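Only one chain comes next, encoded as structure tokens, the form predicted alone.
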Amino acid sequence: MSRIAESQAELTMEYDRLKELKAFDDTKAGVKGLVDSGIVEIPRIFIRPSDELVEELTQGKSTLHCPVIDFSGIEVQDHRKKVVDEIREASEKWGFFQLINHGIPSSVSEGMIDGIRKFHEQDAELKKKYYSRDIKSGRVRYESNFDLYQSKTANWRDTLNISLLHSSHIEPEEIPAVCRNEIVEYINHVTKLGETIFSILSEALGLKPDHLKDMECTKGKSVVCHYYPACPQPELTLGAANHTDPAFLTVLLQDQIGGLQVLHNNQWIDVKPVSQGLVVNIGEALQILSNDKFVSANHRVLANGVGPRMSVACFFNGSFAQPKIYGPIKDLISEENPLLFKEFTVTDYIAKFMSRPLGTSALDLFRL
């Protein structure tokens, strides 16, 4: 009997899901704790529904590739226009692209990946003091599956969260010492890069370069540092379920293991790691601001039999500190392009997004 057939048979048996979820949560050791305990079969809470598993078997392999854009020379007008055109096309058709020659030194990126590894692989007792499911508990939290009790299936990953939602400044002492310097340095670099990307996106929408920055889209960041341990049964689970991002923009640093996929033309496309590259994707909030000109694409992360895989997502969420009303940019509205969305505040949008299981968009709640 195949592993998938075995899992289907197991899923027909009665079990106390809530009890298993709580038992996992109470360990405060995350998925890495399961691996360290020597398991050879994954707990049932991580096994995907049987219909999903069967569907995976029927899907073919696509030969398409996520766009890769060279960011060097954007201060030169001719090359900048080329980059603007490429990012416009990628944002309209894919909602995803990879950047090379983006200006973040390899020493900073590699240091960040190494710092995240050190945090997640330190003694479990040292990590536990940061463990919390309460997003209001502090600016630095460690958890496994933010939607553990809402989702149908738990994901095979642990996460260190750094919140810069209400202030871009964080005291270094708040960040775990084992990865403090690396995180501070990376945040400084990715913040500057994010502002540059927003200026290019503004031009891609036919606006002045500072338009999105002036709307405070570059504010309210959160940095999530994911750790995906090697999985003994990777075909039965996911590292991250199919989802979109509620932010305006996400800049993702990933290591070379791979597993990230984007849904394009109803096919899952591998976003293969590019040496020294960064993945950028449009969030739901920017899809609203662009009045559907840009798209926020579904994406997921496969579980791997090798690992650990590490990634760092920087979400640019917009203004949290002072409630600000966002909505489709008026310059983009016309008789040919009528208003498609209601206005929103970031806090309201993210609250609605987070109240749903991962994989459920909030766009429909704001569409007219």
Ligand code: OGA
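One rule holds for the numbers: they count along the sequence shown, beginning at 1. All figures in this text were calculated on a predicted structure; none of them were measured in a lab.
What comes next is about the form predicted together with the ligand, which does not appear here.
The partner is absent here, but in the predicted bound form a heavy atom of Ala313, alone among Leu34, Ala313, Cys66, Ile47, sits within 4.5 Å of the ligand. Of the candidates Leu252, Val262, Ile183, Ala90, Leu252 is the one whose heavy atoms come within 4.5 Å of the ligand in the predicted bound form; the others do not. Residues of just one listed stretch (334-342, 51-59, 296-304, 34-42) have heavy atoms within 4.5 Å of the ligand in the predicted bound form: 296-304.
In the predicted bound form, at least one heavy atom of His243 sits within 4.5 Å of a heavy atom of the ligand. Contact annotation for Phe248: none of its heavy atoms lies within 4.5 Å of the ligand in the predicted bound form. Taking non-hydrogen atoms only, Trp156 never approaches the ligand to within 4.5 angstroms in the predicted bound form. Heavy atoms of Lys219 never reach within 4.5 Å of the ligand in the predicted bound form, leaving it off the interface.
Along 200-230, a non-hydrogen atom within 4.5 Å of the ligand in the predicted bound form is carried by His226, Tyr228, in order along the sequence.
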